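Take a look at this single chain, the form predicted on its own, given in structure tokens.
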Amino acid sequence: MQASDRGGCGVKLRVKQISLSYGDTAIFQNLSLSLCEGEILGIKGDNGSGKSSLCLCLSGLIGEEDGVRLCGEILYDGKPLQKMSIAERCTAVGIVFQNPDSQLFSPTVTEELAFGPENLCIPRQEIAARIEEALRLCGIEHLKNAKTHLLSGGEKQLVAIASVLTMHPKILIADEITARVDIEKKERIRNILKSFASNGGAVVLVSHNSRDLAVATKTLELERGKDYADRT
């Protein structure tokens, strides 16, 4: 990893020698990294290099299923991801995917943004405040009462980001989230990620786009099957 710290204070995420394989195929081996408050980790690599798989590992969405083997430690604020409850995971890390249609399922924007906090039993008044905050941060206040199925692709992606922000995660994982949006929304999304990091969060950003990766404070290039044990 090539790192250039910009004053991050306090490790939010520490990954210790994780290895992932699907059947007999190694995706990556002995990968270690850390992420501090205020940092943006840019992840790049060829298709099939394990970028999305790493995002799923970091968010706890991949585990010991048939044919899947994950070893090593993933720690949020020193606590193993495997020992966290679902509620703890939701407040530790949030993930936004490339295709917002795979993430949005509520009929209206407000319902979509309220869904996560409601399931965490957040008080109704606090939920309303979080919704207003997320709408403002994403610049989509005008979509508050919109129906999700009528939104453009870029608008859907901004709603997906806002829905994660209402959970107040400490780390935001963004997996190719600018790939399907226009130039104006790409820049808006980059600003959202920079703002999230500068206000006490940290970001894992997967992208092929050089302008996306330019906002990163450090970068990691993945290679399929690589053993990172001897990496300096």
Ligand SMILES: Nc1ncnc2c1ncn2[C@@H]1O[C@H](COP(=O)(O)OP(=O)(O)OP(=O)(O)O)[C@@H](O)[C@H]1O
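The numbering used is simple: start at 1 and walk along the sequence shown. Remember, predicted model here, so these are calculated numbers, not experimental data.
This protein has a second form, the form predicted together with this ligand, left out of what is shown; the following refers to that one.
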remark   = Partner-free chain; cross-checking this ligand in the model of the complex, the single residue of I27, L31, L41, A197 with a heavy atom within 4.5 Å is I27
message = Is D46 near this ligand? Define near as a heavy atom within 4.5 Å, in the model of the complex.
response = yes
key: Contact label in the model of the complex: E176 to this ligand, heavy atom within 4.5 Å   = yes
Contact flag, S52 vs this ligand in the model of the complex, heavy atom cut 4.5 Å = yes
inquiry  = Using a 4.5 angstroms cut-off on non-hydrogen atoms, would R211 count as touching this ligand in the model of the complex?
reply    = no
remark   = Testing 52-60, 31-39, 166-174, 181-189 against this ligand in the model of the complex with a 4.5 Å heavy atom criterion leaves exactly one stretch, namely 52-60
